[in-house]
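This document starts with two versions of one protein chain, written out as structure tokens and named structure 1 and structure 2.
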Structure 1
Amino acid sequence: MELAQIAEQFNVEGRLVTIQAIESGNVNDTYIAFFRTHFSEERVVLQKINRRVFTRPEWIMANMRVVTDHVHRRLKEEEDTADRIWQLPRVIPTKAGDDYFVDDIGEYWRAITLIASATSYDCAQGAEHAREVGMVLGQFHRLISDLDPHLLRDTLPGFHVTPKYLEKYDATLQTPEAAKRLAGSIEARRLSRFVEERRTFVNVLESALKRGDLSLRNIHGDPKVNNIMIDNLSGKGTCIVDLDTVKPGLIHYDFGDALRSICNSAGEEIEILNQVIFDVDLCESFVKGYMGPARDFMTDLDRHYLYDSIRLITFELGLRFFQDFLAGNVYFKVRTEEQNLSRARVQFRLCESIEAREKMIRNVLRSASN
């Protein structure tokens, strides 16, 4: 089926004029579809859900419906006292009234509203940006904190349970494909040693959960910097997008994920490792922004694990990229055979940078989170 035919399934006014592909995103395929009437234009985000990753796309859409309805209701309730128009995209139904469209080869498509006059950046633009990214995440955590978790399906079992990724990595190591790739790359063997040195650390958050130090709350699951939209007109954060992984989890994974992404100004795809540094000043700005909306729900024990969360999620993402490289690139989309290896190198280097700055980061977390 042609892309245009798919876009036309959705209930958008006007005639479809063009469709542009958006390159970012490691999992789903994303496009912007332009529709025009005689007097206006509407652009919508069209996405093909990756069925290799999300085996139950209909659950993704059910969750999206629950989360967006909940957040839109809360935003409406608070609008008179809010400092700005906080936004969140809405699901656009098909002409048949469904939340998604299944094409002739069984692919799942959705359309969501585009947040206009706003930009998402792949890397930090400075202190102000970091603070806004923090505030948007804190605001989102606050808004979904009273959403009944039973209403959400687990769309990706094991997502952000770091020990599970280590198990998967160990299983991959046993395969001939991994053996071949390790034998063929000095860099891959170096990364495998990096993992060995951090085996015991992977349990830090899950053990805290078991002990009852931490508790499950609704999380976003993927709050990296380019999922946070900044208003072009005011420079302030306006919303968080990519709601595929909203589910009960540890907010620490979100906190750490946003920080590992905003504090690495070189981005995830850089080849020159020397440029990969965890910027502690950006970390401070982010935490100040986050704590605005989050101060009320952060406990002292939550604060105790913030440093570990940054180090852990960075390690986890590196491990996920590395495992996928060893498995033959089956999960993350790649343009080259070595891209996942290269992405893993970046995250592991960032992890080292975090470890080297532990004291400074802990100090910043202590002062900025009170």
Structure 2
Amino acid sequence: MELAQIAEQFNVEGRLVTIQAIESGNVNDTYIAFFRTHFSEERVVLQKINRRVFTRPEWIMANMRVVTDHVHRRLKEEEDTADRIWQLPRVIPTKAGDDYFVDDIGEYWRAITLIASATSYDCAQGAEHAREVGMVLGQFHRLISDLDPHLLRDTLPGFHVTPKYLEKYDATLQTPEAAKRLAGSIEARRLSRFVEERRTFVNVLESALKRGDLSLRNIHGDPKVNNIMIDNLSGKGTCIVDLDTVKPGLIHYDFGDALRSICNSAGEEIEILNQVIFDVDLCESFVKGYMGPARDFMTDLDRHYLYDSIRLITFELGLRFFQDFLAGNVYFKVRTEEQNLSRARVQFRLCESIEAREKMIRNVLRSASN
């Protein structure tokens, strides 16, 4: 089936004039479809959902429909008192009224509205940008805080449940491939010791959930800095995008992952480890932004585990990279055999930087929460 025929299945006013591929994005195939009438133009995001990652695309779309309908209703209720026009993409139905279209070879397609006149960035642009990123995530968490988590499907079981990744790592250690790679790399053996020294810490959030200290809520799942849109005209945050990983979980994984992303300006692929530093100033700006809207739903116990979330999610990603290296690079895309090993080194170095700055980070969290 031609791409144009797929785009025309969706209920968009006007005539389709062109479709452009978007190269960014690591999971779904993404395009911008341009529709024109005699007096306007509408651009929509057209995506083919990656079924290797999301085995139940219909669950993805059901979650997206529940979340976007809920958020749009709340935004409408609050628009007269809001300091800006907050946004979230809308699911565009097919002409048959469905939330997605299945083509003749069984691929799932969706169309969503484009957040126009807004830009996302791969790294922090400064303190004000970090503050706006924090505010957008806090606002998103606030808006979905009263949405029953049981209304959403768990589209990625085990995703951001750190003990599960440790179990997978332990299973990988028993394989001949892992033994070979450990024997052949001094650096791999050093990283394995790094993991062993932090085993007792891995259960910190999940144990708190079991004790009732923390509650299951709805999370974004991938709140990295380049999923936050900044309005080109005002410079203020306007929305969070990429809702594929929205699911029930602990908001602490979102909070920690956002800070892991925005406070390491060196990035995830840097080779010079002494450039990998957790920027406490950017952390402070982000937390001040986040806590504005988050005060509506955060408990004292939620705040108690915020530092742990930053340290843990950074360790988790390093563990995932390292496990994949030991398994033979079967999950993350790589250009070289040791790329996942290098990625793990960066995250573990960032984890060390977070640990070294624990007192400063806790002071930031304490002062921003008051």
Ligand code: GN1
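Residue positions are counted from 1 along structure 1's sequence. In this text, rigid core is short for the largest set of C-alphas that superpose within 1.5 Å between two forms. As the structure is a computational prediction, the values presented were derived from the model and not from experiment.
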Given that just one of these two is the form predicted alone, which number is it? 2
Aligned on the rigid core, do the two forms place the Cα of residue 35 2 Å or more apart, comparing between structures 1 and 2? yes
Align both forms on the core first, then report whether residue 315 has a C-alpha shift of 2 Å or more between structures 1 and 2. no
C-alpha of residue 126 off by 2 Å or more between structures 1 and 2 on rigid core: no
Core-aligned Cα shift of residue 13 between structures 1 and 2, given in Å: 4.1
After lining up the core, report the Cα displacement of residue 332 between structures 1 and 2 in Å, one decimal place. 2.9
